[in-house]
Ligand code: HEM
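Shown below, as structure tokens, is a lone chain in the form predicted on its own; questions about how it binds or moves come after it.
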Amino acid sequence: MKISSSLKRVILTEFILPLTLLIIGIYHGLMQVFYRAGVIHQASVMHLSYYQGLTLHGVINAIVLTTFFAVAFGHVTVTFYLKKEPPKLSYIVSLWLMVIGTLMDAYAMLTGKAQALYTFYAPLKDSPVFYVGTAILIIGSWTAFFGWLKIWFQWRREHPRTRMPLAILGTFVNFIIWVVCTLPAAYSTIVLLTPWSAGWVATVNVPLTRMLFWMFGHALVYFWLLPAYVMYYTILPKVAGSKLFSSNAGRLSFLLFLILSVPVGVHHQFSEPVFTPGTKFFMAILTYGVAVPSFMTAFNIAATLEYAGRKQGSKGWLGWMLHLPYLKSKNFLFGYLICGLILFIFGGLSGIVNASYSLNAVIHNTAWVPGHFHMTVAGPVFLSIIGMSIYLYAKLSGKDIKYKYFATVVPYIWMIGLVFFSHGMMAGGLMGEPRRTNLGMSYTNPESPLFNNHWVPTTTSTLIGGIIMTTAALLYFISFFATVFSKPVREQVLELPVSEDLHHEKPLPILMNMKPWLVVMFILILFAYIPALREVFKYSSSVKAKYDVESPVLIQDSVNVKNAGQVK
């Protein structure tokens, strides 16, 4: 279908801007593995410190890229399936707010005023510019969603007996989760952290800021994932030459994500002393529950892909795996989706380890944790984002994808690199290798008394993986930006591969009405977080403690130690 030039420009900008910033994010990801493997034995390179680079890497890759893409892909799915464009004011205001918020964050990070990582809770302190910019970015994404709701209600009045398209359900579930989980993040940044950072108040409740962040921070994972799930259910069957095995199972999986994604954040805080064992146990049970829709999706998509292989004449139990359209340039999008799915198997299984209270005590705050979430964020999330971005950019701009063979092999190279990367991280984590730490200044520096030769093989594996992943990213950037700077050669249209259902399934009323699911969602959130909030205020208090951004040691304690040394 054709869309207005204004909407088209907004969507294309929402692809180009974050992918341009991604160059900075990828660069700092590479620098992280150099630091950790002991290739670099210093605190900074080119006037950008280790923690400054780590913050840039996390915020650009995990917040900016994912938010811009979710909004752009939402514009695409809503417009394509409802055959209506969102109100122009909503998508224009949304884009400007997200751009302004991103520029504020970029300024704060690049000038060194924000280097408390993407987990922006106290006691580490960022500039007020960063906190306000992050809030503006979030509000911009809300604005787009409110515009979609307006045309949805129009469409529903015109089609009262038609089922909500599966892609629309997935998109709306995603943004309902997003709006709900970002409310505590917005409150924390504007009401708690900004006044404290600006010096208007002297104290801040540290456990409260952490709890509010993780109320947002874990649901954020599903905000990353659900656009990929929409692609798995509505696009992957088509590009694989198959039909979706069960549409009803897909709807159920989205609705289960709706009720279970938010009330699980405390499982990131099992070592937090303010929470009682009962609260932690309840959150752990809900975390195991949220694995159910992922397992459902795994079986549903596996059956879908098996049908594609059987159509090609495969034999035996697993022969269908060899008859899928791997490395086909005409069908390059398949590679991004299938490689993401393969990686997500290991990301999901390692995530169950994190949800266990006893096992979490072993791997908490070790390199296992980034090894796990890179399997999810850098696996299905990242690959679906970059694959769909170049696909939709080519369609909407009327251009041919340049160096298409590069674009075709990228997901396979990336997958190989990520296996080395995450294996090194997780294996090192099991041996106590810390996360977020500049190991090159200590544990992987042979000149340091803290040198630990047990972590040399694991950090080397991570380094090898990071170099391979960066190579894949360079090939992608060559293809994407060569396409951007080429000339249109055909009609500019909005086009998506649309999957058909393999079975004619009877619509189930419980899957057609979101209202009861929304009620259950809010009840579970209340059950999870009212006790958690009560415990935060009962067992903690606001503190004046100030920490050096480079060290977990209190600034006052550091001064006392220095003075004591001088007296001695």
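Computed from a predicted structure; not experimentally measured. Residue indices: 1-based, along the sequence shown.
We do not show the form predicted together with protoporphyrin IX containing FE (HEM), though everything after this point is about it.
Exactly one listed residue, out of G351, G466, P128, G101, brings a non-hydrogen atom to within 4.5 Å of protoporphyrin IX containing FE (HEM) in the model of the complex: G466. Checking M164, V206, I401, L117 for any heavy atom within 4.5 Å of protoporphyrin IX containing FE (HEM) in the model of the complex turns up a single hit: L117. For the chain shown alone, N61 is a contact residue for protoporphyrin IX containing FE (HEM) in the model of the complex, at least one non-hydrogen atom being within 4.5 angstroms. Remark: Y50 counts among the residues lining protoporphyrin IX containing FE (HEM) in the model of the complex, judged by a heavy atom distance of 4.5 Å or less. In the model of the complex, protoporphyrin IX containing FE (HEM) sits within 4.5 Å of a heavy atom of G29. At least one heavy atom of M425 is located within 4.5 Å of protoporphyrin IX containing FE (HEM) in the model of the complex.
Checking 521-529, 53-61, 38-46, 500-508 against protoporphyrin IX containing FE (HEM) in the model of the complex, the stretch whose residues place heavy atoms within 4.5 Å of it is 53-61. By the 4.5 Å heavy atom rule, the three marked residues C181, F216 and F223 all fail to count as contacting protoporphyrin IX containing FE (HEM) in the model of the complex. If you take 432-452 and check each residue for a heavy atom within 4.5 Å of protoporphyrin IX containing FE (HEM) in the model of the complex, you get R435, R436, T437, in sequence order.
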